Ligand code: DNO
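Let's start with one chain on its own, the form predicted alone, as structure tokens.
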Amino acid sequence: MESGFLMRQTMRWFGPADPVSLWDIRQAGSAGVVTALHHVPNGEVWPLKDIKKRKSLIESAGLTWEVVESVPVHESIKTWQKDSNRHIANYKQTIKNLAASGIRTITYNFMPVLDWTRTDLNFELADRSKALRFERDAYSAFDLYILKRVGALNDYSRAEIKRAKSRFDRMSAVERKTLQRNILAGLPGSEEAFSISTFSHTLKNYEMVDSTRLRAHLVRFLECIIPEAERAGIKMVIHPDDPPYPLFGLPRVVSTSEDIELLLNAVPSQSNRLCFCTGSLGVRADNDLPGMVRKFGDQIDFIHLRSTIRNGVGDFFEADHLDGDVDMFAVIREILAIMSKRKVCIPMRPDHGHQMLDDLRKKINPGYSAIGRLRGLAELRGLEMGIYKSIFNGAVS
């Protein structure tokens, strides 16, 4: 392997209000940041002056703005309502403005209504650090007995309904409110916060949108914006669904190898690319992550590395970066092989992290504390260098 083809190490930063500063990120060993203009309303154009101001701020700390994460896709596009054309025009202008500022990679997702979803933002582990967790029975209890979604009973077996009712009955009023907040408004980077009433109303927009139609809307969106991205030299990298299966009766179409293949083949372009997230995809036992890197390696332009521990009923929590159900050694080995073949350095960030040590006494963005991600970055950097030195430099055949 030629010298220099290691992943470009970054961290996510939520802007000037983030409790983790740019200098914290630089001290952690990152070369750059992944960020977005979260103050711009979903669906509106990102002003050129705001982009340049954010970029200048990042560069003043000796860092680079490596990747945009994310430019949200407005709900009217996902459901293809009458104002979708206006939001697509806005998206195209944002692409132009980012390109004019020298930023070349844009992350987005196509998850209906909710972005990434967890039921517990402070799950205590054996060592008393805290992690993000998705508990299936708590989610079902919310869906059936707090949200009271129309038709929800049809989505569960009798055993699942029984467990959900038992879980609901054991919750205090405070626990029920916390669960609601965690699901509807508790995660950093989410596109919108919802109340029960607004969430229920938004779900109605999907009554006629199944997985086939949602995928068609995604392809139609790409057919509109990829030509603009090509002209601007922008790579659009889609983030997989998190969790990678339907929630609240909503379809999800970027959860499996088959989903990704359909998407990339539907709009073939050097601008239609993939953000490979081991945490999201790794929640499904049927996703072969090293195999997916081999299969889609030529189309991967951004990487999220994290691991989860899952069980047979649909629960999972964020594990240490080198533990859990993801074979991180095999994944990174395949990534290094792909980068060597392509002669590129793909940006990577250690995704999420445990709240630990001094960060336990601080207010943080759930999953994005400084020390937990620093530990993850250090572990991933060490694993990558070990693989690079031992395998690709010829010490191991």
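The model shown is predicted, which means the values in this text are computed figures rather than measured ones. Each residue number is its position in the shown sequence, starting from 1.
Only in words, not in the display: the form predicted together with D-mannose, which the text now covers.
*Of the options Thr105, Ser84, Ser255, Asn109, which one has a non-hydrogen atom that comes within 4.5 Å of D-mannose in the predicted complex?*
Flagged contact: Asn109.
*Which listed residue (Glu66, Glu69, Glu334, Asp359) meets the criterion of a heavy atom within 4.5 Å of D-mannose in the predicted complex?*
Checking each option against D-mannose in the predicted complex, the one that comes within 4.5 Å is Glu69.
*asked:* I'd like to know if Tyr368 sits close to D-mannose in the predicted complex, meaning any non-hydrogen atom pair within 4.5 angstroms.
replied: Output for Tyr368 is yes: heavy atoms within 4.5 Å of D-mannose.
_in the predicted complex, does Pro188 come within 4.5 Å of D-mannose, counting heavy atoms only?_
Although D-mannose is absent here, Pro188 would touch it in the predicted complex, with heavy atoms inside 4.5 Å.
*Should Tyr139 be classed as touching D-mannose in the predicted complex when contacts are defined as heavy atoms within 4.5 Å?*
Taking the distances in the predicted complex, the answer for Tyr139 is no, it never comes within 4.5 Å of D-mannose.
*Is Phe134 close enough to touch D-mannose in the predicted complex, meaning at least one heavy atom pair within 4.5 Å?*
Phe134 lies outside the contact set for D-mannose.
*Would you say all of Arg12, Trp116 and Asp351 touch D-mannose in the predicted complex, counting a heavy atom within 4.5 Å as a touch?*
Every residue of the spot touches D-mannose in the predicted complex.
*If we take heavy atoms and a 4.5 Å cut-off, which stretch out of 265 to 273, 194 to 202, 69 to 77, 157 to 165 is in contact with D-mannose in the predicted complex?*
Flagged stretch: 69 to 77.
*Neighbours of D-mannose in the predicted complex among 209 to 245 [non-hydrogen atom within 4.5 angstroms]*: The stretch touches the partner through His239 alone.
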